[in-house]
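Given next, in structure tokens, is a single chain: the form predicted alone.
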């Protein structure tokens, strides 16, 4: 994957450079580990910024919570000896003060901090008048307003360079990912804050190595501005998040194999074909809306009939039949079962709402 070079070489967070690639260990463990990882990552020539966790927010108090301030001089060595800019996570004003004192180039706010507006405001106040780029990870739960609000707090105190990191969302029933990506939330973020660069963190989405490239590639296909990937010289023996880290050499191969796509908005030939296909989608969408409106008219008629005959709104047997029929039809039409269940459930909920209005008349 060849990077598109920035027109502003003095800054790291800009949409003019794509992709921005951040890599490094989940946690700084020892000085030797930090320096060796940085050297091997630099040798891949596939990354821009070195990351390492100094303070690690953990659920249980006996877990490894990072080496703390003693790791900051190690990152100074990375800057001086390896020639890489460095970034760390900060969770409070004291972290910000120490990071700036040790000349950390970029700060990021983690998911556990983003959920707390008081903590984000404390960090923002500590950064007032400071010229340092800041990245904001999405909150643990799928709350777009909370994510955007964190960025707005930083902007209001004058932070000029702000980026976002999509690291997925916690979901109790999730079996495949560590944190469900819920791509639509990230796409909604891009739509509402198009001026903010957004990176994807496949490591925290996946929680395992085998699907890192797949998720990273999807982020690139969706026009994300870059990636943050955890890399360790000895992943299996890492002190934190061992399963999701890869060696610098595996990282280099993964980035090399990724395909970087462009939107080609300035290419009239490609855009002409795309517009033709989009017109087809627009016509189909119009038909879908008409069909849904017609369906809801019948739903209201059924609601009136149920009310007249003192019948319950929910007819469980009928609902089960409808859902099973939809899943069978989806299987024969190249539609995923997950999608069709969400779609039919949404229609069913709207149908219930429509019939409840009838019952209240």
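Numbering follows the first chain given and starts at 1. Every value quoted in this text rests on a predicted model; they were computed, and no experiment measured them.
The same protein has a further form, the form predicted in complex with a small molecule, not shown here; the description that follows concerns it.
- The partner is absent here; in the predicted bound form, the one residue of 112, 94, 79, 243 having a heavy atom within 4.5 Å of the small molecule is 112.
- The contact with the small molecule in the predicted bound form, taken as any heavy atom within 4.5 Å, belongs to 108 out of 239, 169, 224, 108.
- Using a 4.5 angstroms limit between non-hydrogen atoms, residue 68 is distant from the small molecule in the predicted bound form.
- Among residues of the shown chain, residue 56 is one whose heavy atoms approach the small molecule to within 4.5 Å in the predicted bound form.
- Contact annotation for residue 122: none of its heavy atoms lies within 4.5 Å of the small molecule in the predicted bound form.
- Contact annotation: residue 326 falls outside 4.5 Å of the small molecule in the predicted bound form, judged by heavy atom distances.
- Contact check for 26, 204 and 230: all three have a heavy atom within 4.5 Å of the small molecule in the predicted bound form.
- Only one segment in the set 326-334, 289-297, 48-56, 304-312 has residues whose heavy atoms sit within 4.5 Å of the small molecule in the predicted bound form; it is 48-56.
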